[in-house]
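Next come structure tokens for two forms of one protein chain, structure 1 first, structure 2 second.
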Structure 1
């Protein structure tokens, strides 16, 4: 699936915000669970400590009863001298110790194999069977820790009662052998209602009292009494407080789910709320992202249009941010492309125009040569040889000058053209001057730019020699000096003043037509040969003028073509 930038941004925002809310709620949850559990444990501990206090108080009372009864001199005496006559007195005496939490007081006389019992319902003497004796001896032996009561099921009763018992021996007069045991019993049910049920009853936990060796001594569940307390398993919190005196342990086992259940609910609610709020947040996020994305969308559309060839469109500039600068850059680029294309089109157009122009120029001279040729043949037919010759020269001159201007021609061709030109001028000025050529044969094949010498000759005819006198002589010399070619055009005319010379050298024009040729020559020399090409004038008043062209020798027409 291809996602747009907009969808990616929205997706990222939602993802991050969901993760943040979930992580927050989980951290909050774990924290709360810890706090609640700690509070719960400390509250349970407090409760159990109170229960342990109550339990210990009852046990202390039971213990005192046993100690006090056993250390009572009268009672000791009665036990030592026990017979059927003292039986009632002894039982009454025992019964007087029975108060408060003391359920019953027993007196076990192993010698007589009888047990005297002062209970809430009766005061009796009971014969002991062998099993009874065994059990009683076991109880009488007591605990390793004498401050800790013995927990047992009363074997001498028909109803199986469970009791906490402290036993103290009574010795004979000599203090050597035991004659009887005083047992003070506290009933398990009394303890349960007075201690566990009163304070230890937590609606969300199960409490019990365990003996120091880990059996259940008191609990709601009567069947579990006397059994080994089960090891805690599952997701539960177990809180234990040991009563300092009796060393019995009060235990509360609570399901963690009951205690922290509502927090789990809260956590899930937070998840749901986070989801809901995030979904609701989609709308403003969508609007905001749309707004932010508008310039990008615009840029994209403009790019598509440009791609289709429309260079006139421009991206709208919304802001000064990165996207704004991007749009600006794009616009500039399109502008440049447009300008370049414009320039290219104009150039092409101009070229075409030039080609058409050139064609036109080709047609015109062609028509003129044909016409002139016809006139020339007319002159030949009428035996006007001179006119025919003149026309011949003019036609050649025209052909040469009309041909491609920039091209190079040989010195021979140039000299031939200058011949024709001079022929026409001499006809015009009635042979009032003479032109002499001096060209070394080996340089006749050198290439020079066309129409290079003719302007200088024209200049010499028009401005150099005195046409009113008939002794004007113009000399054209083409010389070679090593790699340099020198073309010299001299006249014996009136010469020039220094000012005229400077003006001529600078190419300043006297009138519309004059000076064009000379300047043109200099420019072309400069263009083709750079510093190697040069045109110089030397003159003195009344001593003629000489123009000198210097340039490199070349036998290749293309060598200096631009």
Structure 2
């Protein structure tokens, strides 16, 4: 189905409107999602920063507990002199350091292969197996960063508990060898409830604490404790904050769809509203487009009428905008077409008149051929050979003129006709003048309008040279200059004044035998060649006259035929 301009405009407006609505909705949606996500990340980062501070505070408390206990001189002396008598006193002293977030304090004596424990439920001495000894030695080595706690699973307890531990050594009196280790422990569950659960409401996100080497140290999922933290999968937002003291990382992983889900619903509502508004806009758009299309419709109707041949109609000019200027331009174009048609008709009429004039000038009724031939044969019988020769030239001149009827002929044919005309005139005036021809062979096949040179030669004979003298010379030259053909008819006669030249160009000077003359030649040049055809006269009194015709070179008889 072919759509008209009106339908295309309406469709284009609705399409652009829909595209703009969709693009704006997408942009606003993306911006809203970005703002919400940034706000969420900022909020979660703030919460995680608070939790990281709490975590570091607990770790700082644990660290100072281990340092203070290991630095206490009485406790050091009891560790160095440990036996069954000092056991109770040492445990009580260790238990005195257990406060706040410190869940337990251990004293590991590698020499006695025992570990003393001060916990919320008991204060006890416990012998260490080889496995316990190996585990305790590993915990006692501590971390590369002394401020970062050791995260481990307590192997000495029946119920495996995970703890954050700081370990400090106690040396002998010489300060050369380690006699024991003080271990301050913070329970993982206490940390979870004190940090993540107590302050970690992160919009349903999955939160955990990770060790510096990437293992999960504390989380809701107890099965994941101690395992390497998994890489984020799916469309999630991962927020991380690293505790500055302990270098442990607090992480929250949230599903993006949960955070931005309500924005998707808002976007869909915007799309639906945009579609509804665009459909409602169809009515005012249709009204406006129809009003805008009114001058176009008028112009279309006028064009149809012009196409059917009515050049009198004109388009109405509704406004001064582009369509108004288009209507005015179309009206101007129709007026020009009408003027051109009138000019073409006039030109054809003028051509016909010129051809009729040429026919009148040629005086070639066919019935005269037989009469002239009869006279010629009579002259031959009377032995008047010169008269017979002149009649022969005249008959040939008439035949050539009649056969072409003013159409295009070759230069050769035109020069031959002029030869015959000159022969008749020289017989009439007793050879009192001479006519010379200068025509290049390559020009002889060029086409020119018939009877173009002969009127100029006739004008030179009758009005140029002095027939009473015998030194009159007329020269006919046909020259080619690139794409231009020049025909010159020159005489050495008495010349003309400026007034004579004006009358000649206006066609006022004619011979008594000429009905076409110079004016006819000039008009035919303009008809056939327009501005490319020209006839000019150059003359001074007592210095002769020169007539010059210029026209395009043509080797095609039909090229300039009207």
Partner chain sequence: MKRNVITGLVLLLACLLTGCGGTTETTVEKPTLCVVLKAMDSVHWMSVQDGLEQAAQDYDVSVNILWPSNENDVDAQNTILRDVIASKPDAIAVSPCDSEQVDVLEQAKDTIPCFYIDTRAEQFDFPYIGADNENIGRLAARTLAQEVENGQIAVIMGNNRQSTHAERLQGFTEELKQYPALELCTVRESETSSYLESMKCMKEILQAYPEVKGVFCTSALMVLGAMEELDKAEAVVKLVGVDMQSDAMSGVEDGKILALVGQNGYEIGYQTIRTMVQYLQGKDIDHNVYVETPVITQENAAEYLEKYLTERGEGND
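Take the two forms, superpose them, and find the largest set of C-alpha atoms that agree within 1.5 Å; that set is the rigid core. Quick caveat, the model's predicted, so the values are computed rather than measured. Numbering follows the first chain given and starts at 1.
Of the two forms shown, structure 2 is the one predicted alone, while structure 1 is not.
In a rigid-core overlay of the protein, residue 291 has its C-alpha displaced by at least 2 Å between structure 1 and structure 2. Core-superposed comparison between structure 1 and structure 2: the CA of residue 444 exceeds or equals a 2 Å shift.
Once both forms are fitted on their rigid core, the CA atom of residue 256 lies less than 2 Å apart between structure 1 and structure 2. Superposing the rigid core and comparing between structure 1 and structure 2 gives a CA shift of 2.4 Å at residue 11.
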